[in-house]
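The form predicted alone is given below as one chain in structure tokens.
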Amino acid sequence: MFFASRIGGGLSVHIFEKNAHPMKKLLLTGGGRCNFTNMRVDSATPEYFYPRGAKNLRKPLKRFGAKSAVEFFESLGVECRMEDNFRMFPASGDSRDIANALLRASKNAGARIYCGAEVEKIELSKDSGKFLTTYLKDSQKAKFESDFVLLSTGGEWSDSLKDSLIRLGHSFEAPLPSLYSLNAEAAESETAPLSGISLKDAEIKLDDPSAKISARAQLLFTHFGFSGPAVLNFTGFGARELAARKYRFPALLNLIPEFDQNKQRESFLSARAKFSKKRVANFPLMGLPQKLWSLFALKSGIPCERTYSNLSKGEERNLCRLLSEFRVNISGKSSHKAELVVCGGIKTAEIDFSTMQSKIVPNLFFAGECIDVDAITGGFNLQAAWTMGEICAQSLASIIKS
């Protein structure tokens, strides 16, 4: 839809949509509010946000970044607002505003949309040299001939469509889940009482010096393990490594990453001076929730009646060590939610990212998650899709003019 709204005149655009209604996945993003971009895209290197494809996106994001996306949607009448962590949403908080704006713009540009039409394969006609797209609609197969094809299937490929691309000479990185929650062996015992507690700032990392995978953001304790942006970002950057470990591995949680050893000591010195008669277990420090603090104080061996005035240095160190290096055994990826993103797809080496055109088949274009490019949570995946769609539109407009 984005591509169709940007291509302008001179090209007849036909969109084949598998679902009964267009942009079904877009409507679900951001909890139905559509976090459509993130302003950090314009100021930081893509390596922070794109576990796969960052190098390929460096120049494209400079051509059409977050500011460009906001200006585009505002030009369509969508009022936008920025929320925490530089995330951009429609001001209404309703993803339908984004979807409807794209739909109107596409129709105004003359695009024709075929809903309930599943593309089965792409071929090159031996007679005309044009593309033949075979699709299934209303239980009937039909073929559509075109000069150009833009594939934007998302992360899921049907076997028949994938096979047709392989016959054309393309190859794929194997699809794997990315951005998912984690099950933990300790969930039913050690951390079960913490279910529902959220920390604004926490770090999770793989407990293996040979594999440096970590993420720092909001962390949510669940009845099955852990979730929240920190975990989703961790599984995004570690998608292939964690799959190779069959989603079973030791991890370390730092629940106080803002507090180094000096700040930790300062917190306890202040507590001893100001709250000497307070029981340690009942008076949390470093901004931690009461329930979590009490549980970790007990786990570190601090007696329930211990006050700050008689808390030993050893007990203090044990508690800080546990809070900053809490070891958990991950026992699998959670099945409570479908994966938000899938990594894998057409290999990036086979695409010219200055045009988004195939290096193997002229006039064949790709955009979005059908390529082996994916991002962490926060609006970055949608921004990559807008960027690629814009470059496709620019490239085709240039071809038509020439």
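Just count from 1 along the sequence shown to find any residue number. Computed from a prediction, not measured in an experiment: that's the story for all the values here.
Here the subject shifts to the form predicted together with a small molecule, a form of this protein not shown in this document.
*Asks:* Does the small molecule, in the model of the complex, lie within 4.5 angstroms of each residue among 41, 56 and 350, using heavy atoms as the measure?
*Replies:* No, the whole trio is out of contact, none within 4.5 Å by any heavy atom.
*Asks:* Give a yes/no on whether residue 344 approaches the small molecule to within 4.5 Å in the model of the complex, heavy atoms considered.
*Replies:* Contact check for residue 344: no, nothing within 4.5 Å of the small molecule in the model of the complex.
*Asks:* Using a 4.5 Å heavy atom cut-off, state whether residue 389 contacts the small molecule in the model of the complex.
*Replies:* Result no; residue 389 lies far from the small molecule in the model of the complex.
*Asks:* Residue 183 near the small molecule in the model of the complex, any heavy atom under 4.5 Å?
*Replies:* No, residue 183 is distant from the partner.
*Asks:* I'd like to check something about residue 257: if you look in the model of the complex, is any of its heavy atoms closer than or equal to 4.5 Å to a heavy atom of the small molecule?
*Replies:* No, no contact at 4.5 Å.
*Asks:* Considering the small molecule in the model of the complex, which of 363, 35, 334, 68 comes within 4.5 Å of it through any heavy atom?
*Replies:* So the residue touching the small molecule in the model of the complex, by this definition, is 35.
*Asks:* Work out which of 123, 208, 118, 74 lies within 4.5 Å of the small molecule in the model of the complex, going by heavy atoms.
*Replies:* Selected residue: 118.
*Asks:* Could you tell me which of 365 to 373, 352 to 360, 41 to 49, 59 to 67 sits within 4.5 Å of the small molecule in the model of the complex, going by non-hydrogen atoms?
*Replies:* Going by heavy atoms within 4.5 Å, the stretch is 365 to 373.
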